[in-house]
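Two forms, one protein chain; structure tokens for each follow separately as structure 1 and structure 2.
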Structure 1
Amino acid sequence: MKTVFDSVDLRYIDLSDTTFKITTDVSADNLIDSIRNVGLISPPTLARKSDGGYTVVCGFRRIAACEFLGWRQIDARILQAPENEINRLLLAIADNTHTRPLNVIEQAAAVSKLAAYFADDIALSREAGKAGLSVNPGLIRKLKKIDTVPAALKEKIAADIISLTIGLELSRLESAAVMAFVQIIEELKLTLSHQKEMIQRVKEISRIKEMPIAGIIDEVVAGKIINDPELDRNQKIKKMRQVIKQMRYPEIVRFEKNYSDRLQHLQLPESVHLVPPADFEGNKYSMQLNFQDLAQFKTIVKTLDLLQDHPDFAKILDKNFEDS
């Protein structure tokens, strides 16, 4: 691209025009000291507007730093016509990718801007690669969806608090539910598997109870689990998962509780472990036995003989928990 260097009055640079803006970092703090001490090493790139002003192609943060320092003019590269917008956009993407890795939201912004010129994701992927942005067609489809989520969620994704996978899941929900989930995920630092479990189960509870998702979360948090000073992080997570499971699978939780009570009555040794059917569906039980020698095995056999006549063992097998 043909450019000329010129000194430009900062008043004529339109920072509100974000046509070519990729970066999500609005802070120029780390540039201010550098520019104050050694000057502007890499001038921004601008394009002339029909009204005599300038659009920023590259260098939003550099310009913001110069404004903070009280500069009135700035040296800049001015793109010379004719240059089409696609070339300017690719230049803006390259300016960012060649200095640092782009976060997910910056990748999404770049992809969405390129999508205005490339309907074919394969062609879009190829052109993005020329500018240093490596995105395959599958990732492009995900990034397009992420670019449409609320700004508050984008901030959390850009800060790596919410992953792309969870961001895509949350993007299908109403904004109140999104922010309710984000608060829990951020405060409790839930693992990805716990996040997926919680989102899926709360969505199912919402459908079953015909309640808004945000209302379900309020009901869970109503016990002030998050703010309970008596609980540490792991205890809060465990309690919240228990409450959500109780709401989603009340019968299974009831069976688990009564089964646990009956199991305690059996007073099985550590060498004998009774395994119930998954989710208490079906009638197939199994038993795990651990022993090191014949003497231990004979002790276990005696334990098993006693189980035959134990009323609680019979009730477990019959799923008769009503009078626990």
Structure 2
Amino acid sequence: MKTVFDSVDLRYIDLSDTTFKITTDVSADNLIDSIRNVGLISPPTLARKSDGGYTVVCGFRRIAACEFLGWRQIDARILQAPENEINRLLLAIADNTHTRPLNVIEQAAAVSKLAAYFADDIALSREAGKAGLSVNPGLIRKLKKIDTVPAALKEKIAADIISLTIGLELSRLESAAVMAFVQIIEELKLTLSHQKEMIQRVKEISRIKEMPIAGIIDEVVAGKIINDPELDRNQKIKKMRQVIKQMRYPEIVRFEKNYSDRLQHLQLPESVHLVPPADFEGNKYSMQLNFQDLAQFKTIVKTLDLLQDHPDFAKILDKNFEDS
């Protein structure tokens, strides 16, 4: 790729033209000091526009830093025609990948820009690889989707507050719902599995009750739980999960509550632990007995003996649905 060095008037560089912009980092703060102290070590790469101005191919932040420092002229590499756009784009991508790993949103931007030139994801993957961007066709499909999400969500993904998986999950929702979820994830620092559980269940509640997602979150979760000063983070998470489960699975929650009430009525000592079948689907209950000596064992046996005729034990085994 042929370039010539030249000194360029900053006024002629069009920073609003983001055709080749990959970076999501808008701040030039850390570059300003370095350029002030040692000068511009690596000149940006520019392409000449038909109106006489310049498009930035590489070096958006460097140019912004120089502008901030009040420079009027900067040294730049000027691409020589006839260089086609695809090569310029690959150069822009390589310029970024060679200095640092790209975040998900930068990868998504790079892939979406490349997609304009490659209809086939396999060819796109191959060319991106040459520019140091390693993306397989499966990932390309996901990144294309991510590139279409609202800017506010992109910011959170770029900052690693929202993962790619959750970003994709949220990508199909209206923006009020997205931001409501993002707020909870950010405030409660939910684990990935809790995020997935929350999103899936709230989405389903919204369908069942025909209520907007943002409304459910605002009224039920955010208002009552997130802003409750009495609760610490873990308590908030626990309560939020309970409330959402109660809304999504009211009958199961009712059954489980009856089960635990009945279990309490049995007054089992700590040494006796009753384990129901998973989700009450199988039909085998088990009991774990902990004892150290014969005396303890005899006490347990007496407790078990009493269970035989305990009405709540019978109801437990019967998987009885009546409220206790």
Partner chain sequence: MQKFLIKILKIADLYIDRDVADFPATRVICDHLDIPYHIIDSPDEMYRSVTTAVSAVDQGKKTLFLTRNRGKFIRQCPGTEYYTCCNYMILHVGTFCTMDCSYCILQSYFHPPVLQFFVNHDDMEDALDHLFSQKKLTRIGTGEYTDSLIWEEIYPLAPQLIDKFSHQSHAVLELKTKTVNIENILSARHNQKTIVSWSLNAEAVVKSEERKTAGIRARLAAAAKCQAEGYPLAFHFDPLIFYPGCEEAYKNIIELLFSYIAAENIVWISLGSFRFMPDLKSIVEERFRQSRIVYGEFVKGMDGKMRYFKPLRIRFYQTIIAAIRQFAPDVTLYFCMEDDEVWTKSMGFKPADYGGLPQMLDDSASRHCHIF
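All values derive from a computational prediction rather than experimental measurement. Sequence positions of structure 1, starting at 1, serve as the residue numbers. For clarity, a rigid core is taken as the largest C-alpha set superposing within 1.5 Å between two forms.
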Between structures 1 and 2, the form predicted in complex with its partner chain is number 2
Considering the change between the two structures as two rigid parts, does the C-alpha of Met179 belong to the same part as that of Arg241?
yes
So the chain behaves as two rigid parts; what rotation angle in ° separates the smaller part's two orientations between the two structures?
15
Keeping the rigid core fixed, work out how far the Cα of Gln296 travels between the two structures, to one decimal in Å.
5.5
Core overlaid, Asp305 C-alpha shift between the two structures, how many Å?
2.6
